[in-house]
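Read on for two forms of one protein chain; each stands alone as structure tokens, with the labels structure 1 and structure 2.
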Structure 1
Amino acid sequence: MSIDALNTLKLSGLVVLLAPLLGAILAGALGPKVLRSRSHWPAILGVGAALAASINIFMTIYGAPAGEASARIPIYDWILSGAGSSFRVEFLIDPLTSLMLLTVTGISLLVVIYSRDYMREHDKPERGYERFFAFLALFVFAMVALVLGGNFLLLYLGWEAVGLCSYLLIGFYYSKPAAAAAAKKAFLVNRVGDFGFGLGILLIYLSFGTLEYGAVFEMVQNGVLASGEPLAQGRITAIALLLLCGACGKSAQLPLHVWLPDAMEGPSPVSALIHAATMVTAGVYMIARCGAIFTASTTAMTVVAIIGALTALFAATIALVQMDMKRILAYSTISQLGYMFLGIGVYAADSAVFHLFTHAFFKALLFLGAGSVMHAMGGIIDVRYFGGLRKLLPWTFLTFLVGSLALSGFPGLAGFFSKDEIIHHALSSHWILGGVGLLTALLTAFYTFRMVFLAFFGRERVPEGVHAHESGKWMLAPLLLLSVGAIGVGYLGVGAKPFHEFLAPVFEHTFVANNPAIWHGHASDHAGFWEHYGLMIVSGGLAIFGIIGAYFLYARELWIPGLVKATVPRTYKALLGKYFVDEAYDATIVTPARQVGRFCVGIDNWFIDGLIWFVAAVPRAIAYGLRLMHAGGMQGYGVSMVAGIAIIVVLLFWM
């Protein structure tokens, strides 16, 4: 790559990184006293500048000559040792980086713009308005730092910063107990995954003597340690599984998924940002980036695929009975992330990243659409309390419908293309994995349009005292732009230079080399009609069948769901209770931990404090006795002096 191109990438990378940070600082510092109701502008301008720089990076990488679409760009030496630079702040910019930056900054900008109206009531900013936008911009900074980092140390710093920002935003309404509890839950559950992630990075350093991506991946592919000894299969599997712990926490995969549904207690723009552009995509990005490590272990890849398939089906079944629109979408996100893990686990990393890209558009659209409904319904989002909104909120309905069709995998929309690819790869790997993917696709279409028919069709109903109204232009403009993306971005997977070919240089030595037989999953040019389009027809047909089923049960024959609920009450209760995973964790982990904590507090209060009291009581008692001898009488002092002298004389003669 030319010097000019490298300088362009370096400057653009610094803008991507620092512009949101500057926006966060300005919104937080100037917002309370100077900007006030205009505190959104530093965040909008900061994220907007990051998007412009991301586009520049993408175009530079896209136009780079073959074999030169990757660059390591050192910024400065951070931690030095006698032998030179031990840890360096550096960027790794390649097709995967450029695509992730484009996704993160593009979706984030629309979310920030949307938030301008959402965080106002009667055109007056809510309390903490400037704090909210400062946190949003800081969240974007943390995510782009994670993506841009050229080594595992910077990855880890961005990883932890993303977790901190999610805690701050989920708990934005900190005076609300549910929001405070949800923020704490998200933070603690992620600490479990991050503990394993940190151990994995430590084991990488102990094994390879460096945390720089290129050096680590080269040694892994050569099968050697830093000492030159052979790399044992057990060690690389341990590293991959420890890294997977962190991915399961950030991307809400089994068994660390429990934090994500509760995170809906944060404002709707936060939900859109977490689910579409930041945080939950970090786990998928990390595994794709570390393909050399994961593909070196068949065991690790199998575990990734199984976790993804189980999570996809598990979350989809729970979403079937939920009533809160944002929680339905939360379980949908968990399920779609399961698809991405499944894709990576069957060596289809390009398809997984493609689904991450398309999912960002329609999931952001759905969460912001749900926020528009919530805004119009006075903060109520439970579909049991309203209905028939398609005439009251026509633009919200149309955009929400587009997002729902894309999520359902309706033929021709974004979700159809990316989801179909993953199912194709899964079937090529094992029929059970493919079967789970197809079943989940059917359930996805069903529960998505169950929500649509309950909220937007039927008799018009709104909560008492609520005056339903369509959202303003600041909220509708992002919805319309995201709708265009939800319709069109799927077509980037086809064409003269499709999405997958752009990513090929990143994965050709990892996922491709280790399983080239199913790379892209394209049939031979000489294959027949069914080999080319059979699965596509089945997948699209299942989506249509799920939509029709939801229409029949929730728009026509409304008595049938009640009958089913009464017929299988235990199954319904299990789904409504989310399989009681939270209760199981509470009984086996939380309650025993609290009991141990109470025991430790008891030891501290009674034993430790009692011991300290006793140690202090002895000199206090002696002092109390001696104090009686100092009553202020001269004759008493004289007697004491004589007695003391007598004792000294006796001791001298005795010794």
Structure 2
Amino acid sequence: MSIDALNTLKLSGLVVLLAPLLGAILAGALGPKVLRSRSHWPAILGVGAALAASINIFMTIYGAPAGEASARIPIYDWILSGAGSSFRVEFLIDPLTSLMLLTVTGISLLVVIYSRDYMREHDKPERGYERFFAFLALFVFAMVALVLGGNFLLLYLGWEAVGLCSYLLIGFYYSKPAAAAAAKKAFLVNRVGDFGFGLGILLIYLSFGTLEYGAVFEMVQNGVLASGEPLAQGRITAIALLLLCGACGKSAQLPLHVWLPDAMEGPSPVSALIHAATMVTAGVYMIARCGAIFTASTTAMTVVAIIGALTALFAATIALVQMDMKRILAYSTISQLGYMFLGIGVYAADSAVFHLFTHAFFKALLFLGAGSVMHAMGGIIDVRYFGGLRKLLPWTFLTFLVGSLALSGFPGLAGFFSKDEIIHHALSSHWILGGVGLLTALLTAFYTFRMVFLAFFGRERVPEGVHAHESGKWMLAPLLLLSVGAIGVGYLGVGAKPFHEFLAPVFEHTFVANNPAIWHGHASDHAGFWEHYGLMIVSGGLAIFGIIGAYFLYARELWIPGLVKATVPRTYKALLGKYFVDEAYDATIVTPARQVGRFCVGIDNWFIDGLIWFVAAVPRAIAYGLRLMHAGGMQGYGVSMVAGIAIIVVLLFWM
């Protein structure tokens, strides 16, 4: 890559990184006293600048000559790691980075714009308005750092920093105990994942003596350690699985998914941006980035695929019975992230990233739509309290419908193409994985439209005392733009597949080269008509079937769900209670750990101090004994004197 291009990338990279940070600082510093109700401007401008720079980066990478679309750009030495060498702050910019940057900054900008109206009550800013925008911009900074970083340490930095912003934003309404608890839970569950992630990074350093992506991946591909010894299969599997731990935490995969539904306590724009479109996809990004490591271990890949498939199905079943629109969407997000993991696990990283890309659009759209409903319903989001809103909120309804169709995989919309690809690859890997994918697709369509029918169809009713009103233009504009995306972006992955072409250089030596399906001659692109389109027809059919099913059960024959509920009460309870995973964790980990803690304090207070008291008591007892001898009684002294003399005499004569 030419020097000019590198300089452009460096400059743009710095702008993408620092403009949101500057926005955050300005919003935080000037917001309370100076900007007040205009506090959104620093965030909008900062993120806007970042988007512009991201586009610049994308164009530069897109225009780069073939084979040179990747650049490593050092910024400064951060932490001294050894004689003369440091862990650096450095960027790695390649097609994957540039796409992620576009997605992150693009969606962020729309969400920030949307929040301008959302965070107001009757056109007066809510309490903490400036804090909200400062945190939001800070999040963009952190997410960009995660994506741009050129080594594992920066990845970890971004990883923790997005976790922090998520913590701060989930707990935005800190006076609500549920929100404060959810924030803490999110941070802690993520920390559990990061425990593995951090150990994985340590193991990488231990094995390869560096944390820089390029150097590590090269050594993995050559199969050597830093010491020159061959790389053991067990070691690389361990590294991959430890990294996967972190991914499971951040992307809310089994068994660390518990924090994401609770995270819906945060404001809706936060759910849209952080807990649907960007942060939760960090795990997918990380695995795609570390393809060299993961594909070096078939065990790890299998685990990724299985976790993905299980999570997709598991979360979809819970979503079937939830009543809170945002929680339904949260479980749907977990399920869709499961698809992405499944895609990566079956060596279709480009499809997984494609699904990440399309999902960002339609899921952000759905969350913002739900936010719009919530805004109109005075903060209520439980579908039992309202219904038939399609007349009251026409634009919200329309855009929400588009998002729902895209999520369901309705033929022709974004979700259809990307999901179909993943299922296709899953089927060619193992029929069970593919089957789970198809079943989940059916469930997805069903629960999505269950929500649509419950909220927008049927008799019109709103919670008492609420004057439902359509949202203002600041909120509708992002909804419309995202709708366009939810309809259109899927076409980037059909025909000549420009999306996949663009990403191809990133994955060609990892996911493509190591794909066992391709070795065995199952290459999909040369299949016949039926193999090519058959699956599309099946999955499209399932989506339509799911939608019709939802219509039948929740718009026409409303008594059937009640009957089902009554016939299988235990299953229903298990689903409603989210399989009681939270309770299980509480009982098996949290409570015992606290008991151990109490036990430790007990040891401190009784055992250790008791032991020390005992040690002190021995000389004290001796001292009490000795004190008697110095009591001042003349007889006592006389007796001991005589005794002493007697002993001396005896000794003298006997020796």
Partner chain sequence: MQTWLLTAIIFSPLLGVLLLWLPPRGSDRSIRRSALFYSVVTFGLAVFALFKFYGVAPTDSQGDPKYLLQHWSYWLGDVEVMGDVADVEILYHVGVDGISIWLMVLTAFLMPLAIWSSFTSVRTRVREYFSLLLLLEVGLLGVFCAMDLLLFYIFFEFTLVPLYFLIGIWGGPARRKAANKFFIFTLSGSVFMFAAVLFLAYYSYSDSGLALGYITLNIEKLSQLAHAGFISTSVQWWLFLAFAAGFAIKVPLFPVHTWLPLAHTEAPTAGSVILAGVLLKLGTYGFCRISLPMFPHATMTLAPFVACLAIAGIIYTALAAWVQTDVKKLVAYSSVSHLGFCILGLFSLKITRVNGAVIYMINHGLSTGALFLIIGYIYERYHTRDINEIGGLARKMPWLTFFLVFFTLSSIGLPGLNGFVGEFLVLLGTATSNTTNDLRAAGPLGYGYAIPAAIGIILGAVYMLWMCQRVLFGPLKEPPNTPDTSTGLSADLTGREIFILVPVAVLCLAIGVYPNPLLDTFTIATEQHVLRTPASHSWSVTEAGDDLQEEIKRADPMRLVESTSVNNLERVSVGNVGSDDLSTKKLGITPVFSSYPVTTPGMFLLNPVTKSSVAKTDHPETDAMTDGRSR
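Keep in mind that what you see is a predicted model, and the values were worked out from it rather than measured. Just so we're on the same page, rigid core means the largest C-alpha set that superposes within 1.5 Å between forms. Please note that residue numbering is based on structure 1, beginning with 1 at the start of its sequence.
- It is structure 2 that shows the chain in the form predicted together with its partner chain.
- Relative to the superposed core, Met641 undergoes a C-alpha shift of no less than 2 Å between structures 1 and 2.
- After superposition on the rigid core, the Cα atom of Asn605 is displaced by 2 Å or more between structures 1 and 2.
- Gly67: CA moves less than 2 Å between structures 1 and 2 after rigid-core fitting.
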